[in-house]
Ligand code: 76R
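Here we start with a single chain on its own, the form predicted alone, put down as structure tokens.
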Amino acid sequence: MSDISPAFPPVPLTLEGSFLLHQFFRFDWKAWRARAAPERKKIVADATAALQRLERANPKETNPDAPIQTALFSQLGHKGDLILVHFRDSLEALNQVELDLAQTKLYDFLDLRHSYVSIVELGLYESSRKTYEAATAKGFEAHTPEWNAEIAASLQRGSDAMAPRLFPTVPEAKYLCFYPMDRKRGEQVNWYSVPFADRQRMMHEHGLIGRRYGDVVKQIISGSIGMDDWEWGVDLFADDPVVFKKLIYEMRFDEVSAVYALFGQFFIGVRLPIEKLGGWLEGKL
């Protein structure tokens, strides 16, 4: 495949949706056990009520019919004890989540070890070329007001069509796997210097692998360039944790991962229904 015109932007178009905040906490078990049972009971009740309001993204009351926007997970391994994942419509709303959590007594026992801020992103390698070519066919030069208006209209049509994917609820799967990642940009291997058409081809082949697992894994990709330390965050939700290993292992044989990918830490957790938080604090999953 020949590359697109050098007059076209090298950047693929993207669609953006919900903002995401991942929080990874260590729980202070020693301090918790030092509190009297009646006090612990009160703290659990208040924290459960607060988390249930956050779960449905309502700061004042719980609406059982509202979509799930916050989910709690019991984390495995030394990196932490609890994971909270929040989907919201704005950074301000995510910041309010942080503030709401900080007002709970339970927060006194939580040590925030790691966090990640990003926004749901759908990459449009497949359609960017067509969009650029359509704008050029109308006689518009790149980055002119007419060009920008044409691109904006195309993106708006895409956003309308992809709204359920751009503004998802937290999947009700049992297991979560989260990791951040970059594309290499070194002196010898640099994703961002690869011609657009080659990147398009590789991303198409990469996406085919993910789609084969679509019936057992819900994948949500979020962009974090300019928001956090890595370029993307990847959330995988499934009812069988072994499929995380199989999917990620297979993808590493794919060219875009084998040559151009860098991965951060992996975090894995088991879904913890908020109403079972009290049991978890007693050592029961």
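Position 1 is the first residue in the sequence shown; the rest follow in order. Everything numeric in this text was worked out from a predicted model, so none of it was measured.
What comes next is about the form predicted in complex with this ligand, which is not displayed.
A single residue from the set Ile68, Met227, Ala49, Ile221 has any heavy atom within 4.5 angstroms of this ligand in the predicted complex; that residue is Ile221. Interface residue among Pro195, Gly210, Gly158, Pro171 relative to this ligand in the predicted complex, by the heavy atom within 4.5 Å criterion: Gly210.
Contact here is defined as any heavy atom lying within 4.5 Å of this ligand in the predicted complex, and by that definition not a single one of Lys42, Leu82 and Gly278 is a contact residue. Heavy atoms of Ala238 never reach within 4.5 Å of this ligand in the predicted complex, leaving it off the interface. Residue contact with this ligand in the predicted complex: Tyr260 places no heavy atom within 4.5 Å of it.
The closest heavy atom approach of Glu150 to this ligand in the predicted complex falls outside 4.5 Å. Contact between Trp191 and this ligand in the predicted complex is found at the 4.5 Å heavy atom cutoff. Contact with this ligand in the predicted complex, judged as any non-hydrogen atom within 4.5 angstroms, is confined among 71-79, 118-126, 134-142, 97-105 to 118-126. Of all the residues from 142-177, the single one having a non-hydrogen atom no more than 4.5 Å from this ligand in the predicted complex is Arg165.
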